[in-house]
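To begin, one chain is listed below as structure tokens, in the form predicted on its own.
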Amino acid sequence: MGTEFERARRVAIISGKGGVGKTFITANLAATLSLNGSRVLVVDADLGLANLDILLGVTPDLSILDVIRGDQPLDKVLLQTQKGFDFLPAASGLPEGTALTQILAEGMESILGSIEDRYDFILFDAGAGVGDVVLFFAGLSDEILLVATPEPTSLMDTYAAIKILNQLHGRSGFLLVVNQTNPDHSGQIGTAVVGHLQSVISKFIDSDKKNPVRIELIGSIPMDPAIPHAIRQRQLLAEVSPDAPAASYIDHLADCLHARTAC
């Protein structure tokens, strides 16, 4: 199942703050897209504070930075996971990955250019916040997928991320997943979150713009005890609890991201 893009469709998955489930969603979304027939690469785009490898239950010896430095060939760093997708790991605790430099930017663009024809999707699991490295990956992407929770602090930081991406990169279209919603009202909560964000954006960002900012809700994922259980087991939700309520929502999210219709 390919995409309509001539090259890999790049999706930056970001969040205004940490702790909203962004990395868990990235990994499970990648696995579902792969299961549905797409060729998927996941890049741990938190280059200096990586943790996606922990969730995947792998222990990489090398990272993207080894390729950028010229110490290792790309194919020696690129991992084929048992989850169905490929994984390009980052490093943890290395200051050189936390700040955007010309060498890092040019190296990353070179890496992507050399392999993107192998894939249908490249998912960037970006770090939390809106630092230079996060903004760099957002700028490389065709789509920006924001992950938020209904908590006021998350909504405030999501709005801030949208504002910065709009002002610095001219981005006006955003996808949104609302995570950790009340299971009894998950869909309504997602709709309410979008309505709230859109209202604030219309008042403070769009007041004098010809190209208004628009948010598209593509998923509301309910709180589900199976999710923390899967994280503790360092496995995907479909591996430990395929019948969990949240699993069907992630399936729908993958369908929406692939088709971008009837979401």
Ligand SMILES: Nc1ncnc2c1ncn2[C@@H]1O[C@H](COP(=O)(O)OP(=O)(O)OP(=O)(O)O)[C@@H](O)[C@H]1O
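No experiment lies behind these values; they were computed from the predicted model shown. Note that residue numbering begins at 1 and tracks the sequence as displayed.
Same protein, other form: the form predicted in complex with the named molecule, not shown, and the subject of what follows.
- Mapping the unseen interface onto this chain, P212 falls outside it, with no heavy atom inside 4.5 Å of the named molecule in the model of the complex.
- In the model of the complex, the named molecule sits beyond 4.5 Å of every heavy atom of V42.
- A residue is said to contact a partner when one of its heavy atoms sits within 4.5 Å of a partner heavy atom; L176 fails this definition for the named molecule in the model of the complex, lying far away.
- Under a 4.5 angstroms non-hydrogen atom cutoff, the named molecule in the model of the complex has P228 among its neighbouring residues.
- This chain is displayed alone, yet in the model of the complex one of D53, D206, D66, D224 has a heavy atom within 4.5 Å of the named molecule; that residue is D224.
- Residues with any non-hydrogen atom within 4.5 angstroms of the named molecule in the model of the complex fall in just one of 214-222, 194-202, 32-40, 58-66: 214-222.
- Taking the named molecule as positioned in the model of the complex, the residues of 11-42 that bring a heavy atom within 4.5 Å of it are, in sequence order, G18, G19, V20, G21, K22, T23, F24.
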